[in-house]
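Heads up, the chain below is alone and in the form predicted on its own; it's given as structure tokens.
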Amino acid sequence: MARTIVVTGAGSGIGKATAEILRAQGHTVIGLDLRGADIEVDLTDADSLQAAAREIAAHHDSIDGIVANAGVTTNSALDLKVNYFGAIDTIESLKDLLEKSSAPRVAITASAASLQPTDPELVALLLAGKHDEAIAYGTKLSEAGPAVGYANYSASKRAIATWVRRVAPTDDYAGKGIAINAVGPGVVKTAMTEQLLSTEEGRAMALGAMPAPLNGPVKAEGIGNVLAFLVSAENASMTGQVIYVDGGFDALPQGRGEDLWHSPKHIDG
């Protein structure tokens, strides 16, 4: 059955690939992006996002899915605004339309960077919804240089992955039949990474930080296919999951390793 799916970041990369996959499956896709999409929107601007939501509502009585994919890697507070707050604000602005679907689904693009060391104080500020404090804190990190500023990116992805697990079993999501999951890509072949991955030195740097034993860097379509399943009606029971589409990074010691049960210990009674 054809569904109506909103995809953010649809102008390029994973978002574009996901939109193409969904359209090829016969679904109606409403692409959102700063440029090159059906609706141009700035996810860091509440007025812009609300205008986009109104435009969607003017043409659709309901939607069946949201792929909150839009993201940036700037090592600045912009990462927090787009990757964390932008994703949540997108979902909340469209949730009324989503709830009218018989099989509502949400999928978010997190990152395998959510497994990397990050700044726990920044993660805590994000999860507490302290927007201004988080932005100020992230700005200070970025002013210390790109190595320290990278925590803006990793924290934004750690926080959004945590948020997915936090809200998934609640009355607002599971209670309303909304499945919400995330993907965690590792090194992805996109226009942004093409130059880096074109040289042996660049590949060594990228895969040194985030190894991918299975087939190396993944194509955007490899992520898009997983996102397409997550927002399908066939995904009838999976919720609160972060699926690492990372070539095996998560299973390595640099990720979570082989033992998913080492923490928290409370599950052992």
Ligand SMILES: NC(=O)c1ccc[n+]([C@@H]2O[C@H](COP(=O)([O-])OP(=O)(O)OC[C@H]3O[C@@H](n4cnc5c(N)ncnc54)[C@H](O)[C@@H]3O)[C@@H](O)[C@H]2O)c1
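Residue indices: 1-based, along the sequence shown. Quick caveat, the model's predicted, so the values are computed rather than measured.
The form predicted together with the named molecule is left out here; the points below concern that form.
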query = Does the trio Arg35, Ala110 and Lys157 actually contact the named molecule in the predicted complex, every residue with a heavy atom within 4.5 Å?
reply = yes
ask   = Which one of these stretches, 115-123, 130-138, 102-110, 174-182, sits within 4.5 Å of the named molecule in the predicted complex when only heavy atoms are counted?
value = 102-110
key: in the predicted complex, the one of Gln241, Asn225, Thr44, Gln50 near the named molecule [non-hydrogen atom within 4.5 angstroms]   = Thr44
message = Contact with the named molecule in the predicted complex for Ile14, defined as at least one heavy atom pair within 4.5 Å: yes or no?
response = yes
message = When the contact criterion is heavy atoms within 4.5 Å, does Val231 count as touching the named molecule in the predicted complex?
response = no
ask   = Would Ala77 sit within 4.5 Å of the named molecule in the predicted complex, counting heavy atoms only?
value = no
ask   = With the cut-off set at 4.5 Å between non-hydrogen atoms, does Ala70 touch the named molecule in the predicted complex?
value = yes
query = Can you tell me which residues in 192-211 come within 4.5 angstroms of the named molecule in the predicted complex, by heavy atoms?
reply = Met192, Thr193
